[in-house]
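What follows is one chain in structure tokens, specifically the form predicted alone.
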């Protein structure tokens, strides 16, 4: 079997999810960076959407970050990132779904929405979402992770967006309230993970990378 091929971009939080999973599971792979502002023609021959992330394992191709992480969990089970209990696995997937359908669209939406008249409504929804997340994390305290003592795909699903938080602070003056102590506790634990330390980017990198989208020079994918 050839080494797994991973197509990503350092700015993309969805690709970051997969990068962290590959690191946590210590999966040997080759990485390929795709320029999202100038996607090469050859990539469309591999990817049905032209988006990242995508993995290619011999002739098998899988895309969409949540699905890729589930695939990696199934294909490389030695380091498990979902609980053994069926009901706990279901609860993990519920949290992942909440990220994809509620938290992430508003977290990213506050950055990408150029109509400032819509920002207040997004802020309200985002504050409610952060409160809900903090209450969820409180139930697993002292944790330190989303499901308790063991890191899971839930943590890896949410963390990339929190690493991008300086973008919200810089461009939208939105910060994670200090009162959400369980979120901050979780973030502190995540920042100590070797997988995060090896892959994280600094604040200025994200602020500069998002500048064209915030200023409306390009459309986000």
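Residue numbers count along the first chain shown, from 1. Quantities reported herein were computed from a predicted structural model and do not represent experimental measurements.
Keep in mind the form predicted together with a small molecule is missing from the figure; the text below concerns it.
Engineer: Check each of 154, 52, 183, 167 and return the one that places a heavy atom within 4.5 angstroms of the small molecule in the predicted bound form.
Structural biologist: It is 52.
Engineer: Find the only residue in 189, 176, 46, 39 having a heavy atom within 4.5 Å of the small molecule in the predicted bound form.
Structural biologist: Only one option qualifies, and that one is 39.
Engineer: Within 4.5 Å of the small molecule in the predicted bound form, counting heavy atoms only, one of 167-175, 63-71, 23-31, 191-199 shows up; tell me which.
Structural biologist: Heavy atoms within 4.5 Å of the small molecule in the predicted bound form occur in 63-71.
Engineer: Quick one: is residue 12 in contact with the small molecule in the predicted bound form, heavy atoms, 4.5 Å cut-off?
Structural biologist: Residue 12: yes, in contact with the small molecule in the predicted bound form.
Engineer: Does the small molecule come within 4.5 Å of any heavy atom of residue 17 in the predicted bound form?
Structural biologist: Contact with the small molecule, yes.
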